[in-house]
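Single chain ahead, by itself, as structure tokens, in the form predicted on its own.
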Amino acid sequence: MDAALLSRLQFALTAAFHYLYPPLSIGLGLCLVVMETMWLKTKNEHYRAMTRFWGKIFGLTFAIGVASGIVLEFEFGTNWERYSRYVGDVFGSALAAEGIFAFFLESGFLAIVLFGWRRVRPGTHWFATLMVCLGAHFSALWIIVANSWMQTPAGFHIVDGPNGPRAEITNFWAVVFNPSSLDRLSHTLVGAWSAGAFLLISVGAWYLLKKRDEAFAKSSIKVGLSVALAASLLSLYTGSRSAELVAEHQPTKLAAMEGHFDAHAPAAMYIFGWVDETAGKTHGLAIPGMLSWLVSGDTTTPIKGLDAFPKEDRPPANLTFQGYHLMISIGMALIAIAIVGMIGWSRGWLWNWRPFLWVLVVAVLLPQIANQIGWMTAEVGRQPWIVWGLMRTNEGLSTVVSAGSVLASLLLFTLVYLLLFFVFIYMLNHKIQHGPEDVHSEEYETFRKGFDAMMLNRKPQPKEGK
């Protein structure tokens, strides 16, 4: 294997591992705001216990996410030196904004969320939780801006420097609001909400199966199902919008996503299938003209197929096709699970239907798989470009890094990430097995009395003679 393939594999490994955690942080952040709002509104101690428990899970995912994400930024300099030089002004601005406006906001207020229960007022703690949630979302915003610029570049010009051409920002807001950034951001966020919500649902269903912490479990499932249903339905709209943008700005990616080869003909939409790239054919179950209708509203509208583009400009068609269709299939399954769960909740049989509770336990994997596959589709589908239409992937590599060096670091990263993953699973399992605080326990009563005493001491005392 050469340095190009190994560098791509290394970046894919580190990005995929890192992306296990930000969706959970974003989704859990939203759920924490919902829980703490419910506590402030109802004064029900179960919601405060839920916020404390899931806040600890949030802290765990945040820590592992930060540790794994730092490596990605170093790889731009080590493995992708020519790319970094070419887009440094653009990409660096987005990454700097992510650190200043998102990471510090999230990490700073997280200390209050985790350790401030007896130190700040309830409203202040709720505000800290909201800031943590917003920080996680802002982090996604700036990363999506950077990646979307690579897909649909805007707001720049090319200048010649001493080390070759580079992209220079001419309009910062055109970079931020490039043609695909907002739609890709919305689709990414609803996928993250789904990941966090299904973690709540999975743990709650596990507790019900084990007949423990049932009040906590039911409340977690209710919050999770509410967020999951909204997120899964929104994903239909945001996914459709993203596909329309792909059709407009990245026609080769769209053709690969649907296995469409004819250079100028109406395009079918495949339910499932297999792309024979050698023969230039796609075999499977398809709805004739449906892709044309989704793009233009007319089943007879011609759609550019892969045959309309040189072979060197085409992405790996079958991998893109399979990833895209697997993502859609999982999305539809999540909608079905959320709807059935909401019906079961409203009619009261959800809590005792053990086969479906097992489905809810396992369903936590589905949003994670869909998020990973979605990113794979987006990144593989834009090949051979690292910056669409401007720089090919093999042109962005470092010139001084050998294949042996990349292979050694790839193996080392694999071992380290496996260790981090086992640590995460061990800690997550430990917290789940320990369970939430029992609001009727002596330990929780001590916490509550301490909190109430702190609040009493903060109240203004009447002056003498008044």
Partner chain sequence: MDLATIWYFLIGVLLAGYAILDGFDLGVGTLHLLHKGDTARRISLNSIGPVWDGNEVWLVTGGGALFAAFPEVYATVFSGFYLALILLLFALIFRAVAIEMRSKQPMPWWRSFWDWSFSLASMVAPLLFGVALGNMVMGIPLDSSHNYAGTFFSLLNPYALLMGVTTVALFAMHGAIYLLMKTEGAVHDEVRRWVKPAMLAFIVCYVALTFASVLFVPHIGEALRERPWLWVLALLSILTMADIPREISKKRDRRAFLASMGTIALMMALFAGGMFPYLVLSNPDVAQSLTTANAASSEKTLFIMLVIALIGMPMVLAYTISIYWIFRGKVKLSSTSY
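Positions refer to the first chain, counted from 1. Quick caveat: nothing in here was measured; it's all calculated off a predicted structure.
Beyond the structure shown, there is the form predicted together with the partner chain, which is absent from this document and is the topic of what follows.
Chemist: At 4.5 Å between heavy atoms, is R119 in contact with the partner chain in the predicted bound form?
Modeler: Heavy-atom contact with the partner chain at 4.5 Å: present for R119.
Chemist: Can you tell me if G108 lies within 4.5 angstroms of the partner chain in the predicted bound form, counting non-hydrogen atoms only?
Modeler: Yes.
Chemist: How about F91 - does it come within 4.5 Å of the partner chain in the predicted bound form, if we only consider non-hydrogen atoms?
Modeler: F91: contacts the partner chain in the predicted bound form.
Chemist: Quick check on A336: any heavy atom within 4.5 Å of the partner chain in the predicted bound form?
Modeler: No, no contact at 4.5 Å.
Chemist: Which is the contacting stretch out of 275-283, 158-166, 384-392, 367-375, given heavy atoms within 4.5 Å of the partner chain in the predicted bound form?
Modeler: Looking at the partner contacts, the answer comes out as 158-166.
Chemist: Only one of K304, H137, R85, K222 comes within 4.5 Å of the partner chain in the predicted bound form by heavy atoms, so just point that one out.
Modeler: Selected residue: R85.
Chemist: So which of M332, I100, V362, I271 gets a non-hydrogen atom within 4.5 Å of the partner chain in the predicted bound form?
Modeler: Only one listed residue qualifies here, and that residue is I100.
Chemist: Can you name the residues of 72-90 that have a non-hydrogen atom within 4.5 angstroms of the partner chain in the predicted bound form?
Modeler: If the 4.5 Å heavy-atom criterion is applied to the partner chain in the predicted bound form, 72-90 yields E73, F74, E75, F76, G77, T78, N79, E81, S84, R85, G88, D89.
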